[in-house]
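Next comes just one chain, in structure tokens: the form predicted alone.
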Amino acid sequence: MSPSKSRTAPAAGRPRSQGRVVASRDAAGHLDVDALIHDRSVRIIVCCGSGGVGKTTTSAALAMRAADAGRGVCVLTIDPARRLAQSMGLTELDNTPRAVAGAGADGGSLDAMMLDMKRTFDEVVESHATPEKAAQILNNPFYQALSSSFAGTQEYMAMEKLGQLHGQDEWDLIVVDTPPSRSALDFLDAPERLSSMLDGRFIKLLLAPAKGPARLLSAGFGLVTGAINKILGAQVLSDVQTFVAAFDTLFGGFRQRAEATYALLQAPGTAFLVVASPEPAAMREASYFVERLAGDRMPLAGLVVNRVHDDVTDGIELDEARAAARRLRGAGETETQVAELLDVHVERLITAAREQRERDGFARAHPGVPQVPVTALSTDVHDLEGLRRIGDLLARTGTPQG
């Protein structure tokens, strides 16, 4: 399917489409993460969600658990944070997959990388242009600005890199950690935006003098280019014209590869995981992602809800804890200390109840989307064992120690 087709989330008031859910629930009704990563037909897992919800850690933990299950895994992050490298014991991540020592079992392995959008753009140009044409493009000032900072370039290059990794066929699972917030799904629109930019009237107008029809040398065209010169400057206009003329022959290949990657994302071998925290804003964003994925007919595996305080619900109940705290407070030093501990427990129970209401609300809105809660840890994840602990919690096989 061409990515230029309709790709908008359902409008307010319309029934919410559940899309195609690709993973089954476990016996407790949770998203079965182990079933997902053990399914050899699943070749790509895309983690998306708003910022600050633990998406990078979730991606790394999934990749680690899959490698420990015997799969050959590459995890690609396009989040600029360095947490992924640090947790995997790497001094840095760059555009080349690097082996993670200590990861993998039963023949499994783990490589990690972080997207360098300019380097990826350069590699595409070098691979699909003659050396002379590539040098002309790479040295062009407009290209240098476009490849470093133009809106949408990162998302487009993420699709290019995902397509490259998949085409290499070196890994049987690729885990993609997307940028934070709603821009995490911008890569779905990247081919269309790039097409609009390079097919647009303004670009064609800039390209026209290089193509040389005499009629464009009319006084009317001269007035237009004169106005553009005043806005952009003569040198900038010349740089843009030179870039577009050189890039024109490559554009068809860019569009073709982007559409192939978009189709790959829709294919049965791909699974999207939406990641959230049990907070109102993050859960609203999760609903947006689910609806957007459904609208684009992307295969959704389920929702991961990180940092859930579900480890306190089996202790003293709320009303009982409040009553005991009132009785003990002021009765003596030891009793007061116990009352303070009970107060903390009360606050955690209140938090857990609020979080459960958020999760229940999401479940009512999206009844076909399985969830898995991940219990909050008391410390940050900073090493491989921490990632394995998160993996255990994702699979509902671990306890939230430490």
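In this text, residue numbers run from 1 along the sequence as written. In this text, all values refer to a predicted model and were calculated from it rather than measured experimentally.
One more form of this protein should be noted, the form predicted in complex with a small molecule, which is absent from this view; the next part is about it.
**Q** Looking at T261, T77, S87, N306, which has any heavy atom no more than 4.5 Å from the small molecule in the predicted complex?
**A** Exactly one listed residue reaches within 4.5 Å, namely N306.
**Q** Tell me, yes or no, whether P370 is in contact with the small molecule in the predicted complex, where a contact means a heavy atom of each within 4.5 Å.
**A** P370 lies outside the contact set for the small molecule.
**Q** Give a yes/no on whether G52 approaches the small molecule to within 4.5 Å in the predicted complex, heavy atoms considered.
**A** Taking the distances in the predicted complex, the answer for G52 is yes, it comes within 4.5 Å of the small molecule.
**Q** Give a yes or no for V381: in the predicted complex, does one of its heavy atoms lie within 4.5 Å of a heavy atom belonging to the small molecule?
**A** Heavy-atom contact with the small molecule at 4.5 Å: present for V381.
**Q** I'd like to know whether G167 contacts the small molecule in the predicted complex, with contact meaning heavy atoms within 4.5 angstroms.
**A** Contact with the small molecule, no.
**Q** Taking 4.5 angstroms as the heavy atom distance cut-off, pick the stretch from 37-45, 361-369, 54-62, 332-340 that is near the small molecule in the predicted complex.
**A** Looking at the other structure, the answer is 54-62.
**Q** Report yes if all three of L162, V175 and G295 come within 4.5 Å of the small molecule in the predicted complex by some heavy atom, otherwise no.
**A** None of them does, since no heavy atom lies within 4.5 Å of the partner.
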